[in-house]
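So this first bit is one chain, no partners, the form predicted alone, shown in structure tokens.
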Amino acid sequence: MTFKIKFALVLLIVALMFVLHNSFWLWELDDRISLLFGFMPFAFFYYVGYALLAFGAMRLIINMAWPDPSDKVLASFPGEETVEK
């Protein structure tokens, strides 16, 4: 994947997470929905799901955007001749 595509995907993920974090649609919806599972408010359930989604999004962003170490850095570790990708 090229740098431009990776950069566009990272920007898209960040924008999506921003929109989901500003949950203005929950303001009235939370009042209309009773407790989930008998004890959990809907907004709390939403943010638990959001936190899990944020974890997955950050893992994806790090895997896409983190640069591979250079050969000079890899050579500085003794016993590490090859790197599996």
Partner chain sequence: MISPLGLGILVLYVCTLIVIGIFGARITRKTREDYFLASRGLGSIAVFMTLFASNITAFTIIGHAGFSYQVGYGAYGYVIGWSIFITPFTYYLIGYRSWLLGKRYGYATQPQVFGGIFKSKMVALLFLILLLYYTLPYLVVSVIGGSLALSTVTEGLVSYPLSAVIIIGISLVYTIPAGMRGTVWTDIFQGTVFMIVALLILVAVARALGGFSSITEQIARSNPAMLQRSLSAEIAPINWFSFSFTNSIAVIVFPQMFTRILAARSSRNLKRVSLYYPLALAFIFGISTLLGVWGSVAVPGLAGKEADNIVPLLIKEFLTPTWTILGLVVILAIVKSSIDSQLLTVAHLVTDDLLPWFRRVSSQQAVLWGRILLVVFAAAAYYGALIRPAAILNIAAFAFSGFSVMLPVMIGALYWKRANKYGACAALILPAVMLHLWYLGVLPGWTTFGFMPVFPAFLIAVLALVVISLLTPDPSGEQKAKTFDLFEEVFR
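Positions refer to the first chain, counted from 1. On a predicted model such as this, the values are computed, not experimentally measured, just so you know. Between two forms, the rigid core is defined as the largest C-alpha subset superposing within 1.5 Å.
Note that the form predicted in complex with its partner chain isn't included here; everything after this is about it.
Shown here without its partner chain, the chain has Arg59, Ile61, Ile62, Ala65, Trp66, Pro67, Asp68, Pro69, Val73, Ser76, Phe77, Pro78 in 59-78 lying with a heavy atom within 4.5 Å of that partner in the predicted bound form. After superposing the rigid core, the C-alpha of Val14 moves by less than 2 Å between this form and the one not shown.
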